[in-house]
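The chain that follows stands alone, in the form predicted alone, written as structure tokens.
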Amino acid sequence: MQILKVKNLNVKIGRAPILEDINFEVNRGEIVAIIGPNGAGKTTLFKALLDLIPYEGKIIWKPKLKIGYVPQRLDIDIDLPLTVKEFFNLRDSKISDAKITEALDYIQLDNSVLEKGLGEISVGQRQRLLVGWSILDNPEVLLFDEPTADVDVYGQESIYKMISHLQKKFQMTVILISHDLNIIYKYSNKVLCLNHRNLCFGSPELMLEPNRLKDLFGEEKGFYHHDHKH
């Protein structure tokens, strides 16, 4: 089932074109990765998909679709005297302990984290909390803007495994921005190559070919094909 269609999307800031003639489709349950060099318009595309900025063209979501958004990092002063439990209460002051526990279970964090301050937990744990925050309303789609930007290599793999687990458990659709080509090859169903225009869109096996990556990034990009996907 198609849940998103983007047709002839154009975004300008002043007179400067940021996105030009973007076209792609997303089906229910897919993991779609968006790749491209810095400044290519990836975050701008997310803002357009969330209807946060003006655009021309068509963005057609399935009616009454619930969408969750996970930013790159927690945009809050981690030195604030705020516990993890209080952080969840900011989302919904009437949220039950059972609902919080359920969310923690989904993001693979123990209940003991609830009484810790945001500054006491690791960057990877804070990123998981953002995911937990975003799934409280049971969204059908999750948008991830570089979900592992500040996380170490081990934590990156762990977070992507969690995202894949959530997608399979709830049949969520996931659209994510990432620079890790090996992770994208391993977990995504489709890849959108973006550099102000969409230069390619299709399966990772076809889109992550060396010549395509060179055209996209303008340089040799280190990537080695896996023998199989999990």
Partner chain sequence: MEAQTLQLFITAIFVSISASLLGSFVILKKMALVGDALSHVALPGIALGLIFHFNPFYGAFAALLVAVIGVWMLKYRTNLPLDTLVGIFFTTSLALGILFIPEPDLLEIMFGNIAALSLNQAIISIVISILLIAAILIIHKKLTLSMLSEELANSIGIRTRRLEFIYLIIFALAVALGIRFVGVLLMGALVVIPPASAKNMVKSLFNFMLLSVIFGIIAAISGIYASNIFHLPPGPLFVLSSSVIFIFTLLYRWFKK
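Fair warning: this is a prediction, and the values are worked out from it, not measured in the lab. Residue numbers count along the first chain shown, from 1.
If you look for the form predicted in complex with the partner chain, you will not find it shown, but the lines that follow are about it.
- Residues 8, 21 and 57 are none of them found to lie within 4.5 Å of the partner chain in the predicted complex, as judged by heavy atom distances.
- This chain appears without its partner; in the predicted complex, the one residue of 110, 79, 97, 152 with a heavy atom within 4.5 Å of the partner chain is 79.
- In summary, among the residues 125, 101, 158, 83, the only one with a non-hydrogen atom within 4.5 Å of the partner chain in the predicted complex is 83.
- The candidate stretches are 166 to 174, 194 to 202, 181 to 189, 44 to 52, and the one lying within 4.5 Å of the partner chain in the predicted complex by heavy atoms is 44 to 52.
- For the chain shown alone, residue 69 is a contact residue for the partner chain in the predicted complex, at least one non-hydrogen atom being within 4.5 angstroms.
- In the predicted complex, the partner chain lies farther than 4.5 Å from every heavy atom of residue 135.
- Among residues of the shown chain, residue 117 is one whose heavy atoms approach the partner chain to within 4.5 Å in the predicted complex.
- Heavy atoms of residue 141 never reach within 4.5 Å of the partner chain in the predicted complex, leaving it off the interface.
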